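A lone chain, given as structure tokens: the form predicted alone.
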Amino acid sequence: MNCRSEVLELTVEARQVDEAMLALLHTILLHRSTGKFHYKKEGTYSIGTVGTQDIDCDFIDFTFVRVSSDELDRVIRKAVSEFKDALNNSGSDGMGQISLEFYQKKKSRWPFSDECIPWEVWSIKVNVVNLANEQERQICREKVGEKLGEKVINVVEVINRHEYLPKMPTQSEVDNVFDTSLKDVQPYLYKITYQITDSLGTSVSTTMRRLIKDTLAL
């Protein structure tokens, strides 16, 4: 199986990290989740509904849509919080990457553990910049909102392609494809990981500051 890999890049200031990452991760999971499966007998099932919720950002001019599952939201927020803390501890300006990997399990014979086979990976590269004053922060608030809108459209376009998805499982195999631990939603099996780079590439930092200065000059 070939694993699809998509990369998104975003430059933000430190206070925007949480909301930017939540917006993108929740957007992806919105399209990679289903309602709970209710099996009547092996091979026959119905699928529950998935509610949605609009979330307004505090530090970005942006509103995103997420699955209305508090359980799923807590899991995503915990991962993003750990990522942000690692970024903050890496120094002044920083660069990191948070990845959302979807996988399915392949049963192995005892004594071997199940094999986890990835089929789609989203990597979000984030560059954190320090801004000089409130005027620059306001411009960054608007610019990051515009960029997030572009990224969300990109995510939807990629997901709407007719490419591989794990086939709908039988009742005995549902845990090999979906995370069934949540009571109100059923995302495909996934894991979130991150990595941090200590220094920020000067080209990215300079590009954001030049964009802000050009806007101020208008």
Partner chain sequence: MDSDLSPQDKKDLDKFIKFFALKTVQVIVQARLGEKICTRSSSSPTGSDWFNLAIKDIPEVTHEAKKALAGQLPGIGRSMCVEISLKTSELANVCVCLSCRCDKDIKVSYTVYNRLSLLLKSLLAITRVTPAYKLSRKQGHDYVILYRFVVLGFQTVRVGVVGTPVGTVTLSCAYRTNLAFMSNRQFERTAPIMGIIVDHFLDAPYGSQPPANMGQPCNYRPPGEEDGGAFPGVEDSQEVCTTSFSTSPLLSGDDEGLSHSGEGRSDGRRDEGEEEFGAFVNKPSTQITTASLDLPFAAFAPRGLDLEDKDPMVQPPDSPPCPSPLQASLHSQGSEESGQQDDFVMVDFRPAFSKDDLLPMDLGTFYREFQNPPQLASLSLHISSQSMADDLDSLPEKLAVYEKNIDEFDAFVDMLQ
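Bear in mind the structure is a predicted one, so any value in this text is a computation, not a measurement. Positions refer to the first chain, counted from 1.
The same protein has a further form, the form predicted together with the partner chain, not shown here; the description that follows concerns it.
K.L.:
Are all three residues K36, T44 and G48 in contact with the partner chain in the model of the complex, where contact means a non-hydrogen atom within 4.5 Å?
P.N.:
Per the other structure, all of K36, T44 and G48 touch the partner chain.
K.L.:
Taking any heavy atom pair closer than or equal to 4.5 Å as contact, tell me whether D184 reaches the partner chain in the model of the complex.
P.N.:
Residue-level check for D184: yes, a contact with the partner chain.
K.L.:
Any chance H31 has a heavy atom within 4.5 Å of the partner chain in the model of the complex?
P.N.:
Because a heavy atom of H31 falls inside 4.5 Å of the partner chain in the model of the complex, the answer is yes.
K.L.:
How about Y190 - does it come within 4.5 Å of the partner chain in the model of the complex, if we only consider non-hydrogen atoms?
P.N.:
Residue-level check for Y190: no, no contact with the partner chain.
K.L.:
In the model of the complex, does I159 come within 4.5 Å of the partner chain, counting heavy atoms only?
P.N.:
Yes, contact at 4.5 Å.
K.L.:
Can you name the residues of 119-142 that have a non-hydrogen atom within 4.5 angstroms of the partner chain in the model of the complex?
P.N.:
Read in sequence order, no residue approaches the partner chain (within 4.5 Å, in the model of the complex).
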